[in-house]
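One chain follows as structure tokens, the form predicted on its own.
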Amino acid sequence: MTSASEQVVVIGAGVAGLAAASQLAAHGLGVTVLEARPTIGGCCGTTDLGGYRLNDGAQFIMLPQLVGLVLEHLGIDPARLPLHRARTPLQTVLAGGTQVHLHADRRVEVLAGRIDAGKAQAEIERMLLRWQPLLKVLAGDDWLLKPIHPLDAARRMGPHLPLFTRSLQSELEGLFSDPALRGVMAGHLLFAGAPARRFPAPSILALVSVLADGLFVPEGGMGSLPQVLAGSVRARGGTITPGAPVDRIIRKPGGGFSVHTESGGPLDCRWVISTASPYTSLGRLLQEARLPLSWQHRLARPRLSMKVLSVQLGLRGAVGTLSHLNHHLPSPESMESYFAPEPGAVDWVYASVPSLVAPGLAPAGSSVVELYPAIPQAEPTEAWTAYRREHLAEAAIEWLRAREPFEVVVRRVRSPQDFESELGLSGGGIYGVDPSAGFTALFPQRTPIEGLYLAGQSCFPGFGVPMAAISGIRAANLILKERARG
């Protein structure tokens, strides 16, 4: 048995925690992964309901090359995670009638409205020419998996730094001359949870990645990735314990920690990696330890990402849309109204149809549809009563029924309060720390408490799956470096 001085407890069996555990177990450390839920996967899990496989959080994979690099780095054959690519990843319908499909081959199909498809195609190519070099720097090799040396980062990023000086809104205005096309492009970035003026220009990389590299769903759903990672952890001698919510982390006087679960005895270890929210890890779980004032101030002022109401449906029959992701949005000049909808109304909706990309997620001839009606962002999770959740869910279902007939076989509805209680997402913020706040809003992975590390605290929309895994690997590497020092 590995001594306590070589033990690591990882809190959370999502992508970040499992990637960290696989890395540590490969280097001979004793690893125990504690997961509060009865199943693994966290925000990248899936739930089977009446023959339909529903996403628990993440809906797709972008930057598949980074996912492949992560798996190879962990000694896992990427072929163990077959991916299906969306043929028509994006559709936008704007108030006023504009309707555009963007295809995987970057073809622009204007179904309604006056957008010049040829000019739009040329402007999209210009966007890719401008931004793909930076995307290749970020995702072209495994440098993000290793310690980042400032000189190396400066060498790689230096030529592209001028791209960071603008806002996303000004970048879109410079790239796309037609206001309607600009609205289409901005619409695909609204799922980040804030208006374009609040984001730095590099946020456009989420759109660039879809058009350049594709949008994918694993065969078997998003939960296939954590299952592959979990297999690696177990094969290397690590232990994964679902249904073991952590109650507190106690720093021991002589060094190391005692990690207590709600249902079992304490686990003694030298290191802890927590993939729970920093506000949970440091603000609630950590006991009897003083944090510097700067950290206390940050914990007292949470900067959280957007909240959603999720309405997931298993339908009998196929749906009419050709696109995986579908945005029904206000007109370009009033796009910010998306974040302040009328109470109880369902006017603006983001909808995904994962079974279009991976048909095995639904029974033959059936569909899985996820609806996300726009909701106010400033409300606390307590405002989401069961009545309000169900009332708005019914309105969203009726919104869809007005567009095509269908029969609901299964349904699952979750509000911000449900995401907080079920997935441990502080304040119901589905991406963790607010992505529009930039990297400075993220907490360092190395905390002021020796031996306690953070991972998976934020997942920028679209890039969340590979970046969560990378955060876990980087936290594990910090432990390995500390171990090597003795």
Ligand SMILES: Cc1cc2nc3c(=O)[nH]c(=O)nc-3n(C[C@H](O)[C@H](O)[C@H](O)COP(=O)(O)OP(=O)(O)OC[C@H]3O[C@@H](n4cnc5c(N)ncnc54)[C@H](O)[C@@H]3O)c2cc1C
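The numbering used is simple: start at 1 and walk along the sequence shown. Since the structure is predicted, the reported quantities are computational estimates derived from the model, not experimental observations.
The discussion below concerns the form predicted together with this ligand, not included here.
Q: Counting only heavy atoms and a 4.5 Å cut-off, does this ligand in the predicted bound form sit next to every one of C43, A244 and Y372?
A: Affirmative, all three are within 4.5 Å.
Q: Find the only residue in L452, L69, L29, A36 having a heavy atom within 4.5 Å of this ligand in the predicted bound form.
A: If I apply the 4.5 Å criterion carefully, the residue I get is A36.
Q: For the interface check, one of 271-279, 154-162, 123-131, 401-409 should have non-hydrogen atoms within 4.5 Å of this ligand in the predicted bound form; which one?
A: The contacting stretch is 271-279.
Q: Does G427 reach this ligand in the predicted bound form, with heavy atoms at most 4.5 Å apart?
A: Close contact is absent here: in the predicted bound form, G427 is far from this ligand, nothing within 4.5 Å, heavy atoms only.
Q: Is L423 part of the interface with this ligand in the predicted bound form - any heavy atom within 4.5 Å?
A: Output for L423 is yes: heavy atoms within 4.5 Å of this ligand.
Q: Check A16 for me: does it contact this ligand in the predicted bound form (non-hydrogen atoms, 4.5 angstroms)?
A: Taking the distances in the predicted bound form, the answer for A16 is yes, it comes within 4.5 Å of this ligand.
Q: Is it the case that A58, even though its partner is missing from this view, gets within 4.5 Å of this ligand in the predicted bound form, heavy atoms only?
A: Yes, A58 lies within 4.5 Å of this ligand in the predicted bound form.
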